[in-house]
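Form predicted on its own, single chain, as structure tokens, below.
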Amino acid sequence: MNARSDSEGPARNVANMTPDRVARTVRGLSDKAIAWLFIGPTMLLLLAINLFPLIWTIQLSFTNYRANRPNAPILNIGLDHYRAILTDPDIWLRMQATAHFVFWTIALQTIIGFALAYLVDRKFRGHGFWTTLILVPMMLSPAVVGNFWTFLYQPQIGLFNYIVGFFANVPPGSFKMLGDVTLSPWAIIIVDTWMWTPYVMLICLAGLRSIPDYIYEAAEVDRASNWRQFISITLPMCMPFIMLAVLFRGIENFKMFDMVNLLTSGGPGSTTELASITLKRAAFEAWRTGYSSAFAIILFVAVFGLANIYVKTLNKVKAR
């Protein structure tokens, strides 16, 4: 009783201090209106934070504005930046490098992540410890991962070269993962796969744990083999979760910047120069703000369009 009186004290004081006109107005509001009254300011703030930069970027993409020359006259040049980007063969090479990176990272992370989730779901002895150990790479920052793997890829002292050299029977210093045109794209794919496979594993594990046990029991009564249960039950019912993991990792890898920038800075040459690195160089090295704004809008439209198509496919799979 005392606790209730203590909790009602501040509320009563606030009610007594509320002007009569405001009190009568609040009493006439529905629960839904009161809820909107509380969340409305936050939603307006979030919309302003997200919409203002987007609208400003769109506006700058039609101008010759440079951030390092704020006092220079700003001219409206229309679609010139968009034409220059879409007809630039170098830009298409960067998009090709980005597509190569996104495709292989998603493929490897999905296969390995689902396999790990399937093994962890077996609940073998010590599975909790191994699950925690597998999740460690995902908890590290990209800066730590980039510096860590840069050391591992060192030709002379790097552990990665010694392991590959031992199994491939080649000298460890005979190849450079970060300095070779052929190997460097796969070097960043390996690092991203190592870091984010646990994330895919968690989503797939949630899908596996959501399958009711009685379905497997009914399959065992029908004498279905383990392979038949996997093909007919496990994989189809886990497919929406797998597709969701692919969606999240595809969006993140398409805009990947920090880890690749630390590992290779787009090199050697421009072999690993992803679209995000090209955008950064145009915006903050060449100071072509209008050009980089147009490039950012193109990337946004590409990601938004592909994600929209993918989500519609995901909804169809979930509706089955």
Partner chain sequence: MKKLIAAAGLAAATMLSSGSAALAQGKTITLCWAAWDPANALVELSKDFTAKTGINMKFEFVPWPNFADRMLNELNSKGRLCDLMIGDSQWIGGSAENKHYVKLNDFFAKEGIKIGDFLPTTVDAYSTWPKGTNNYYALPAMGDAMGWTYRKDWFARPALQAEFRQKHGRDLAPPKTWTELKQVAEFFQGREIDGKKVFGAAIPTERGSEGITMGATAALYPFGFRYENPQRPYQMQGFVNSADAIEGLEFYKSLFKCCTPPGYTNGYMQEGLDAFKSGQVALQMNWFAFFPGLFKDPNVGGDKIGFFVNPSQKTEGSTLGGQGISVISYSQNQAEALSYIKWFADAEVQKKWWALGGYSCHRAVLGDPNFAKTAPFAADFLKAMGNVRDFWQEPSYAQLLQAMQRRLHDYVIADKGTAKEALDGLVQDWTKVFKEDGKN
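Residue numbers count along the first chain shown, from 1. No experiment lies behind these values; they were computed from the predicted model shown.
One more form of this protein, predicted in complex with its partner chain, exists but is not displayed; see below.
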item: Contact residue in the predicted complex, from Gln154, Gln229, Thr131, Thr110 (heavy atom within 4.5 Å of its partner chain); value: Gln154
item: is_contact(Ala67, its partner chain) in the predicted complex, heavy atom dist at most 4.5 Å; value: yes
item: Distance check, Ser270 to its partner chain in the predicted complex, heavy atom within 4.5 Å; value: yes
item: Leu178, heavy atom within 4.5 angstroms of its partner chain in the predicted complex; value: yes
item: is_contact(Thr264, its partner chain) in the predicted complex, heavy atom dist at most 4.5 Å; value: yes
item: Segment assignment from 35-43, 248-256, 285-293, 53-61: heavy atom within 4.5 Å of its partner chain in the predicted complex; value: 285-293
item: Heavy atom of each of Asp121, Asn308 and Lys318 within 4.5 Å of its partner chain in the predicted complex; value: no
